[in-house]
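Presented below, as structure tokens, is a lone chain in the form predicted on its own.
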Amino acid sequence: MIKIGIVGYGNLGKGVESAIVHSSDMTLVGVFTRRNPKSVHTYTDVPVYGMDEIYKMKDQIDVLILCGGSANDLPKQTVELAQYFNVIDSFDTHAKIPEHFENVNKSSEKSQHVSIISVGWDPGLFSLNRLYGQAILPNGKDYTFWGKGVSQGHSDAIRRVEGVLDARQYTIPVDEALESVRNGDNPSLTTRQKHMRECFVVAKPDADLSKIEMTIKTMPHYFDEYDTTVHFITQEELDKNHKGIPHGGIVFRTGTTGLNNENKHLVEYKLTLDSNPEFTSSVLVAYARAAYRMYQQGQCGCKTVFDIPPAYLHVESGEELRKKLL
């Protein structure tokens, strides 16, 4: 059994716990939190520990799955914990992935552990589909649309803004852009032309609403390149109308083949998710299996989804996969 530890017990951490229940080759050793461990109650009654206890258990855990936020948690946590554990994270600030990779790689190589960063569906599964599309149809264009759905990373970034109590952020594709791609028009689209962002924010009673709105709309890597709408609502409204965390998206690759590029092709990969965190958690758990297998083979260093053989993700052996799926 692969022994798993969870760092952080929000929506993502709870999703990982649920996914492990359905993974026949894994067992959950414990949850690690910055909160008072006695205040955290898990679905499966697995032990909850304070973060200061995590290093004492490095010999009892095969892989740590890190469930913090990309804005402030993972850039520090992944680098630090990779010095002692095999780790998986879902770092999703696309522009900062190269820097994050270099920092984590140094820690992982020094400690001879395996780290896999930016695991999820985007970055993650969508990244793989973009790679496949470019490799197979080199004469073509990529298009990625997200939503309509709640972005965990963007919602977390808003909650970190001074004066904000709670928030949900929806990413919404622009319909005209989506249909233009499907119709084979091969449009050249800016970031702003592809998506809108809609934010529902619960502010503290004495907060400066104008300042919060401006901070959100100008936030680099998150909102500054999009048409963003900010709605201030009550906690009751947020709980009633924005309780779920659905999401999804589509990756397109358009391209041509033939000596004279006479034949057109459209590849479409789509996800429709009732629960963004639970689906992301399931991807994290599959890659935890891969990290364990790579570590057992003596590999080390930081990896991304591009570096992982697909067979390493599946619970069954290569022989069984060739028989059933190939």
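Numbering starts at 1 and follows the sequence shown. From a predicted model like this one, the values you see are computed outputs, not experimental measurements. C-alpha atoms forming the largest set that superposes within 1.5 Å between two forms make up the rigid core.
Another form, the form predicted together with a further copy of the same chain, is not on view; read the next lines as being about it.
The listed set I212, A177, L128, A157 contains one residue whose heavy atoms approach a further copy of the same chain in the model of the complex to within 4.5 Å, identified as L128. Only one of the listed residues (S39, Q297, Q60, T44) places a non-hydrogen atom within 4.5 angstroms of a further copy of the same chain in the model of the complex, and that residue is T44. Stretch-level contact analysis of 52 to 60, 29 to 37, 266 to 274, 66 to 74 against a further copy of the same chain in the model of the complex, using heavy atoms and a 4.5 Å limit, identifies 266 to 274. Contact check at 4.5 Å (heavy atoms) against a further copy of the same chain in the model of the complex: none of F85, G184 and T228 pass. In the model of the complex, a further copy of the same chain lies farther than 4.5 Å from every heavy atom of T218. Using a 4.5 Å cutoff between non-hydrogen atoms, P310 counts as a contact of a further copy of the same chain in the model of the complex. Within 4.5 Å of any heavy atom of a further copy of the same chain in the model of the complex lies no heavy atom of S115. In the model of the complex, at least one heavy atom of Q134 sits within 4.5 Å of a further copy of the same chain. Of the residues in 302 to 326, those that come within 4.5 Å of a further copy of the same chain in the model of the complex through at least one heavy atom are, in sequence order, T304, V305, F306, D307, I308, P309, P310, A311, L313, H314, L321, R322, K323, L325, L326. The Cα position of E99 differs by less than 2 Å between the shown form and the other one after fitting on the rigid core.
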